[in-house]
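Quick heads-up: it's one chain on its own, the form predicted on its own, in structure tokens.
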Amino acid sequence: MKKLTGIILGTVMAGMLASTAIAADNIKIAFIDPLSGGFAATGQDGLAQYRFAAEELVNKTGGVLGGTKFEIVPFDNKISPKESLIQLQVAIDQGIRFIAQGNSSGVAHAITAAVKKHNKRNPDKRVLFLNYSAVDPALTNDKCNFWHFRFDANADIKMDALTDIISANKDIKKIYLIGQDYSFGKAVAAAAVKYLGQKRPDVEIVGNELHPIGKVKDFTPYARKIISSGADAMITGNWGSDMVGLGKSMIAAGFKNPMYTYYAASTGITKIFGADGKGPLKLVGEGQINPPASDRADAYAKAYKAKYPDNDLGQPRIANVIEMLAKAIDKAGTASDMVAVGTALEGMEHDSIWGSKILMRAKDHQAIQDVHIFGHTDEGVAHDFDNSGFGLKVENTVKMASADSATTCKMERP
């Protein structure tokens, strides 16, 4: 009996060791974003999308380097730059060489600076920063570096596309700008002032206001101020709980004019707007799922919803991050030499699952892609958000938006 028990125990232990060895061989990607607190819904949604993309687009299709799988490892940064740097170091200490982050450009600035410093001091333990959603233009301008790659269109690119649509609407004479008081919110406001001045100098900006990020509990005073200004339209870069709060207050205050946004969808926002958002609510972004860009995109979206019925594909660029990283690793022939992987990634052209070509521009590591203006609607929506029946449908598209835009980036390569 003792001998049998020993055999069984030995078999179990061998299986556990084999499993551990397999996990240790996985290529790990650290996901550093808010998983608790007021912005947890956005972070949890992003984590689910990363895990799904890794499994569906890489692990189930044979992996990279002849069969190695991707593994997403979550780290809660509580939307704090300081906490993000702590979690970054924990990830590096665990041997993780790929860092994914997107929520808050303030956090992204802290991470990109820390990565640059770390890589200079530790050439044998270099890491790459995969920025999937932090869109302060400075990150691919004055603050650019070889180790940072941005997969989302930056705030200037999005505003350029958005103001093309606004400038064509001659009913808009007055516009109100409102956003979160940090680098991204300031960048959105500056871009709006710049592009409206160029395209519609007759439009009066009747408000240009920033509020504390994640601190406002009741946006009613802001909504009243916007309405009393006589604004014909509003522009906001708010996201997460701040978009939810602003959206609720604007609806309650009876604002019926166009609301041009960057992130007014999913994580409860779409459900809150519901029928009240149909018509006035617009969003600028990438990734086409309504109508689906292809049968493959449609199947991917359906499979995601089947696995995560309470989540949405609100950040489709995450699929681009995973596929492009996999291609770069295979091209480089390694997942440990970050110079080789980074060199393979910069300048890469990729046919996205969402129907757009993606160019990772070599001169500044800014992804160039189609940018869409979406309308919040329940008509022709194959894939809704928040299980609400409402979703985002493409109304206008700017092909390869700002492909020739200038950059102040002076890239220093290793």
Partner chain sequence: MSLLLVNLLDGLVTGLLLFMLCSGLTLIFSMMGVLNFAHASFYMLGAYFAYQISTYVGFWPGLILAPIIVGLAGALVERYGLRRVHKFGHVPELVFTFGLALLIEEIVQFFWGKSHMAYEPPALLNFTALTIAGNGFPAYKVFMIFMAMAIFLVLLYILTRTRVGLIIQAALSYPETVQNLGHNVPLVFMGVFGVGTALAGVAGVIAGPTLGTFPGMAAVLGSIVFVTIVIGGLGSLWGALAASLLIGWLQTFAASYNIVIGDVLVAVGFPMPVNLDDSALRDLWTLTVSQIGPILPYLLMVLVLVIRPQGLFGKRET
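Numbering follows the first chain given and starts at 1. Note that this is a predicted model, so its numbers are computed, not measured.
The form predicted in complex with the partner chain is left out here; the points below concern that form.
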Note: exactly one of 341, 244, 196, 72 sits with a heavy atom within 4.5 Å of the partner chain in the predicted bound form, namely 244
Please pick, from 225, 174, 331, 278, the one residue with any non-hydrogen atom lying within 4.5 angstroms of the partner chain in the predicted bound form.
225
Does at least one non-hydrogen atom of residue 217 fall within 4.5 angstroms of the partner chain in the predicted bound form?
yes
Taking the shortest heavy atom distance, is residue 190 within 4.5 Å of the partner chain in the predicted bound form?
no
Consider residue 389 of the chain shown here, and say whether it contacts the partner chain in the predicted bound form, taking contact as heavy atoms within 4.5 Å.
no
How about residue 248 - does it come within 4.5 Å of the partner chain in the predicted bound form, if we only consider non-hydrogen atoms?
yes
Site check 41, 209 and 212: each within 4.5 Å of the partner chain in the predicted bound form by heavy atom
yes
Stretch from 33-41, 344-352, 362-370, 61-69 whose residues place a heavy atom within 4.5 Å of the partner chain in the predicted bound form
33-41
